[in-house]
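Consider the single chain below, provided in structure tokens and representing the form predicted on its own.
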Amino acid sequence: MTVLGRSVRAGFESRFHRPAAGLWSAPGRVNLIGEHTDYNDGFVFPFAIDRRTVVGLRPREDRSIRVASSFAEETVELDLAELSPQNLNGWSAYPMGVAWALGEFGADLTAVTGFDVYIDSDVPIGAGLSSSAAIESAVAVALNDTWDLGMDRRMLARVGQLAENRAVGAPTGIMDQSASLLGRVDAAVFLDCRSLQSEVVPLGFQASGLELLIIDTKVSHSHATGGYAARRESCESGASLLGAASLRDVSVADLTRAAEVLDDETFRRVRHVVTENQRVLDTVRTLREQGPTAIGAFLDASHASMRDDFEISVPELDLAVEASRDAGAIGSRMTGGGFGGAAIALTPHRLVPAVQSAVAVAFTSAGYAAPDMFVVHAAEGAMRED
């Protein structure tokens, strides 16, 4: 059993005075490329990382749900009959929202028992590594097993997305939950967010001597705040003005016409999504044809687009990207929803210490708080642990 697993078993017994019936876990994710394309029916290319959320769960004999975690002192309790988005708030909206969303996808919540759940995690919060989807996915697989629902992983991803959209109030797409549920070792998930078709594509980082370095700026962000929602509204407006169902239906060749039809800000939002979709396709193709050492330019271009067209970067992220590239990273970009969080730097293994040192020096010189930096590896998706 992992250290995190032992922590969850101990935490469960401390809060609920009985042992957990089982442990389930789900990973955070890093998006290699394809930012803000998911809710535009586009393409994304994330992978599950070796940082996980573990949940201990035990069914009850009554209809109560009790949720507790290592990161909150309170234990939140609610009856199954009271499960609805308007009754959920705070951190407990994530696990309780999943239970509610399972009902929206066909689970008969009048025929199941309540449960106790305890949550612990080593996925950094607020870093753009989807700590929220890790919670949702771990709880989803736990309840899918406990309630014997028989839902497949793709449906559970939709459950997690609905919980995030309605119970938490964050208008995110389906990428995060898909990566957390479908991930594989040393591979990324190439996901078509319109059809929800997915393909596991080998990354080959280890064979090529590459590491993916996370540079967590520790600038906090929240998807439920206005910046993310405003970008989504711009995308929907741009698609409508161009006569498209979504920006998935707008090609790079259409951008000339888009510049004539749209105001400058809306055009730049549209241009990011359209070119980012193409960069995802180009990255997957290049990985297959030339290997991971050839994808750096796409990562660099993605960051420039998010900085200049989508305007979701911050000075700390820009500095992390610039300093890591100058020190030898073959490609670097911010990752996640933006307005803070983390950058990723695809770096030759031997240069990781030099890149970390260069970034640390650059942050100190700029007067910024020291970032957290760590390497992640592509890992297995959600599973039962014990």
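Only a predicted model underlies this, so the values are computations on that prediction, with no experimental measurement involved. From 1 onward, residues are counted along the sequence shown.
Omitted from view is the form predicted together with alpha-D-galactopyranose (GLA), to which the following refers.
Student: Although the partner isn't part of this model, could you tell me whether G103 comes within 4.5 Å of alpha-D-galactopyranose (GLA) in the model of the complex, counting any heavy atom of the residue?
Tutor: Taking the distances in the model of the complex, the answer for G103 is no, it never comes within 4.5 Å of alpha-D-galactopyranose (GLA).
Student: If you check in the model of the complex, is T172 within 4.5 Å of alpha-D-galactopyranose (GLA), heavy atoms only?
Tutor: Because a heavy atom of T172 falls inside 4.5 Å of alpha-D-galactopyranose (GLA) in the model of the complex, the answer is yes.
Student: Tell me, yes or no, whether G34 is in contact with alpha-D-galactopyranose (GLA) in the model of the complex, where a contact means a heavy atom of each within 4.5 Å.
Tutor: Taking the distances in the model of the complex, the answer for G34 is yes, it comes within 4.5 Å of alpha-D-galactopyranose (GLA).
Student: I'd like to know if F339 sits close to alpha-D-galactopyranose (GLA) in the model of the complex, meaning any non-hydrogen atom pair within 4.5 angstroms.
Tutor: No.
Student: Which is the contacting stretch out of 37 to 45, 348 to 356, 51 to 59, 314 to 322, given heavy atoms within 4.5 Å of alpha-D-galactopyranose (GLA) in the model of the complex?
Tutor: Selected stretch: 37 to 45.
Student: Of these, Y228, F190, W147, F267, which has a heavy atom no more than 4.5 Å from alpha-D-galactopyranose (GLA) in the model of the complex?
Tutor: Filtering the options by heavy-atom distance leaves Y228.
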